[in-house]
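Below sits a lone chain in C-alpha cells, taken as the form predicted alone.
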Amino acid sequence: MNWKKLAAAAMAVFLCAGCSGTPEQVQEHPQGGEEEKHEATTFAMDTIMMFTVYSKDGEEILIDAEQEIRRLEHLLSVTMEDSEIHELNHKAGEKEVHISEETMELLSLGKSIGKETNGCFNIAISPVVKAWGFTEEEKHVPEQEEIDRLLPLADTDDILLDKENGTAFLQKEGMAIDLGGIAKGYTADKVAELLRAEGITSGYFSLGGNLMGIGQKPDGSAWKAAVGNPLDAKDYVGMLEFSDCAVVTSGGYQRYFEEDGKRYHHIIDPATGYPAENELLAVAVVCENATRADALSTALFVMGLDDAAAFWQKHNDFEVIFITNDEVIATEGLRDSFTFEGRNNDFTFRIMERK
C-alpha cells in the first residue's frame, strides 16, 4: 500500500490489495466518454485511495465520495481518538459504548464472518497483532508466554452487541477491536452505493488496493486488473476482467520482518497467535460484496489451500484466485474472466472445478 502510479493517457493503478499485498494493475482504455471522465486521489484510512468515474457531474460526486469516506473513518478508525472503535477499545472491560448503526452493522458482520470461517477471520485479534509489533514501529517475535496470555482476549464471543439499545461492550480488559481486515471493504460498499445513487454507471476505485468496479468501461468492455506475482513485485501472473464487483487480495509478503533468519508476516492465525504458515502466497477474492471479499481474503489465506478450497465448494457467492510458490489456481467461475500469464515464471495453472 506504499506505491501507486498514474499514467497519462491510459490510467494504471499499482496497488497492494487488502491486508496484504498482491500488486494489481487496473487498466483502462475507453473509446469514448473522455469529456466526462473525472479522477481523484486522496489519503484516508492510512492508505492511498484512487477514483475514476464517468459523469458530467463527476467532480462534485467524487467530493461526496471523499466526504463519505471521512465520515466512516471517524467511526471505524482504531487510531483516531474520537472514533467509536477507539472509545470501545478504551472502555474494554469497563462499560458499554453507544455506537452508530454503521459500526453496529460492521461489528455484527465481522463476528458473523468469523463464525462462518471457524475463527480464521477475527476482528478481536488486535492485542496479538500488536504484540508482534505490526501496529508499532518495532517488530519482534513475542514470547510464547505473552501469546498465551493474549489469545484469550481474541474471543469474539466476548464482543457483546445490543442492537436494541445501540451499544457494544468488550467484556475483558485488554480486549481491542481492529477492523483493518474489513473496514475498507465495508467503505467500498458504501461508496459504491453512493456513486450509483448519484447516477454513476461507469467507474472504478481502489481503497488501498481494494478494487471495486461499477458497471463497465464506457466502450462496454470490462475493467481489467493484473493479478501480481507475489515473488516479484514488478511482475504479474494473469489478467482479471471484472465489473460490478470487488477484487480484494491478501498475502503475507509485503508486510513482514525477519528475525534469526526467519521471515514473519502480518497475517496472524487466530488459532496459534503466529503468522499463518501454509502453501499460500496470496489469495484474491472476487465478490459482489466488498465487505465479504475483504474479510474472506484474510480468512482463506489463514485456512490454507485445502481448507479454503473446501470452504469455496460450500459457497456460491464468491470466486478465488489462489497463488502458491509454483501454481496459480482460479475457481471455475473465473474461467472466462481470468487469463493466466505466468508460464514464464515457472507457475503452472489450473481451474478448480465445483464437485
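As the structure is a computational prediction, the values presented were derived from the model and not from experiment. Start at 1 with the first residue shown and count on from there.
Another form exists, predicted together with adenosine monophosphate (AMP); not displayed. Remarks below refer to it.
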Heavy atom within 4.5 Å of adenosine monophosphate (AMP) in the predicted bound form: which of 125, 85, 225, 207 fits that? Just give me the one. 125
Would you kindly say which of 273, 180, 213, 238 lies with a heavy atom within 4.5 Å of adenosine monophosphate (AMP) in the predicted bound form? 180
Would residue 172 sit within 4.5 Å of adenosine monophosphate (AMP) in the predicted bound form, counting heavy atoms only? no
Wondering, does residue 250 line up within 4.5 Å of adenosine monophosphate (AMP) in the predicted bound form on heavy atoms? yes
Is residue 323 near adenosine monophosphate (AMP)? Define near as a heavy atom within 4.5 Å, in the predicted bound form. no
Hey, in the predicted bound form, does residue 266 get a heavy atom within 4.5 angstroms of adenosine monophosphate (AMP)? yes
Report the stretch among 187-195, 164-172, 117-125, 95-103 that approaches adenosine monophosphate (AMP) in the predicted bound form to within 4.5 Å, counting heavy atoms only. 117-125
Can you confirm whether 129, 298 and 302, the three residues that make up this candidate site, all sit within 4.5 Å of adenosine monophosphate (AMP) in the predicted bound form, judged by heavy atoms? yes
Out of 226-264, which residues reach within 4.5 Å of adenosine monophosphate (AMP) in the predicted bound form, heavy atoms considered? 250, 254, 255
